[in-house]
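Taking the form predicted on its own, here's one chain by itself in structure tokens.
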């Protein structure tokens, strides 16, 4: 599908699934190299990162732990400017190497909040791995160490990202079609 409609919005293909999967494999290999000999706890931020996390884990060829946290900073197509912790972390992270897995880092508000919360438990290290990164929208303090794709400040759906709860199941990434 090159074009889709979700609710009242129209989207067009932006990054096809084969490019996404190739990039995920590349990120997994880099993480394995960087954390050779170290125990890793992947902390996946729900809901948006579920597809990215799943594919990333399929490409990690070492024993790792994974846990989940749910936070939210979006309403419709815009960020609310605040982070609401919805589901907390239920595993010990002290002295562990944490890799926070995120679907998209735009303003950096969510990542900064999550890192602040995690730091209180004294992990060995905290790194961020994101599927998408919007450098032009970023205002945070914690730049992701592992980035799938850098994109301009545009609204996208698919591969876990949604527009009002639709589109998460799409295997490719779609951008909001301009109304011009």
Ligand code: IMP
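None of these values were measured; they are calculated from a predicted model. Positions refer to the first chain, counted from 1.
Absent from the display: the form predicted in complex with the named molecule. The rest refers to it.
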How about residue 35 - does it come within 4.5 Å of the named molecule in the predicted bound form, if we only consider non-hydrogen atoms? no
So in the predicted bound form, is the named molecule close enough to residue 154 to count as touching (4.5 Å, heavy atoms)? yes
Any of the heavy atoms of residue 107 lying within 4.5 Å of the named molecule in the predicted bound form? yes
Can you work out whether residue 162 and the named molecule are in contact in the predicted bound form, taking contact to mean some heavy atom pair no more than 4.5 Å apart? yes
